[in-house]
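Presented below, as structure tokens, is a lone chain in the form predicted on its own.
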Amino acid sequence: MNALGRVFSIEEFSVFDGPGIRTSVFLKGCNLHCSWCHNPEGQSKDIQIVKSPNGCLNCGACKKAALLLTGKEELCEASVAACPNKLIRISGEDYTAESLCDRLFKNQQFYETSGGGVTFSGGEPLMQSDFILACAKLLRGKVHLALQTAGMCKPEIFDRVLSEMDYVLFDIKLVREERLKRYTGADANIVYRNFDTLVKSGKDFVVRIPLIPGVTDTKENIADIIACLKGYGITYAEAMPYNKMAGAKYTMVGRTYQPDFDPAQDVYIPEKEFSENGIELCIL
């Protein structure tokens, strides 16, 4: 039986998700609950109806179409075609490994000339590890493969997928167990076991640090992360400052953005602290 994967976005010509020009495949589903997440459509494994509030005429065509098809006004597939301003779309499309790889191979010339390839992201892509492995079987040796992950999965899953990757972008959010659990739901023992495996594997990787005001940018957490990186001899990391527009997409999936931190607070950029400890911090 062909492995099926559920994808919510495929971004071609990406230059931020690994070396060279890449195609980034964003897989649906995440087992964390980071309230700063700017991809709410990637959190659920389900196919969703997404509606942009900008430009809505309040004509009711979307609800009328849904009512005719389902007997309810809740948006459905019929609402997509009914919207006169094309503000409604479906988030989530199922692919076989073969059909996705056929699409990915179309950009192979760009991968080869730029030193790029394909990056599996999410959501948390390791929730669809069987699909990634099925794709890797078709792509391995032909396309450079990368994984962007928070590392929250069973070690045996991490090990299997890591063995097929050329490059890993690994998020380090919080080091202390209780704070990592509170703000993300992750188990620090699992995450840092997998990180240890990554570092010792010899695979190319980069650490990415989301800088969230009052959460991950605190002096305590910055010191913890620096100590973690220095312990492994890591001298380069990338930081992703909080995007104050992160909450804008939640209304599109019918949710209210309720972060457990102050999103209006300015984030602290700890370039000096990293530099003083011999670590180059690149701000994305």
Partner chain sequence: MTERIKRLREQIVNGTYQKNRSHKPILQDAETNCRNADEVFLAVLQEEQPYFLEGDRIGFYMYHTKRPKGCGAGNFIPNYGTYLTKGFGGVYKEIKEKMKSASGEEKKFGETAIHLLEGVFEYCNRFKEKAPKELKKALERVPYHAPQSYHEALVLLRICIHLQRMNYTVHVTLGRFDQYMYPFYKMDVQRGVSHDAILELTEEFFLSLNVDTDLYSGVQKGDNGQSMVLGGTDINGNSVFNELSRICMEASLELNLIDPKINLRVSKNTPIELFRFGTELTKQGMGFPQYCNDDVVIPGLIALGYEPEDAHNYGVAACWEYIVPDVSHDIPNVSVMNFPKVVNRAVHENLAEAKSFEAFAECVKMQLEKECDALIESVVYEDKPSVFHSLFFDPCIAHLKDYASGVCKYNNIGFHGVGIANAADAMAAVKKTVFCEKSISPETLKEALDKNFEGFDSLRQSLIDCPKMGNNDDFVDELGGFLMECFSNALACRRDKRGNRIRPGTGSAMFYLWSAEKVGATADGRLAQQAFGCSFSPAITSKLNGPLSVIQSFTKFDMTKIINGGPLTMEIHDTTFRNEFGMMKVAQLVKAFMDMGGHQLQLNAINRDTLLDAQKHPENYKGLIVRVWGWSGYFNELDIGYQNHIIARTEFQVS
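Residue numbers count along the first chain shown, from 1. Treat the numbers as computed from the prediction; the structure is a model and nothing was measured.
There is another form of this protein, the form predicted in complex with its partner chain, and it is not shown here; the text below is about that form.
The partner is absent here, but in the predicted complex a heavy atom of 86, alone among 86, 72, 181, 137, sits within 4.5 Å of its partner chain. Residue contact check for residue 242: none of its heavy atoms lie within 4.5 Å of its partner chain in the predicted complex. Residue contact with its partner chain in the predicted complex: residue 163 places no heavy atom within 4.5 Å of it. At the 4.5 Å threshold, heavy atoms of residue 107 reach its partner chain in the predicted complex. Taking the partner from the other structure, its partner chain in the predicted complex has no heavy atom within 4.5 Å of any heavy atom of residue 176.
Of the candidate stretches 98 to 106, 126 to 134, 153 to 161, 196 to 204, only 98 to 106 contains residues with a heavy atom within 4.5 Å of its partner chain in the predicted complex. Of all the residues from 256 to 284, those having a non-hydrogen atom no more than 4.5 Å from its partner chain in the predicted complex are 282, 283, 284.
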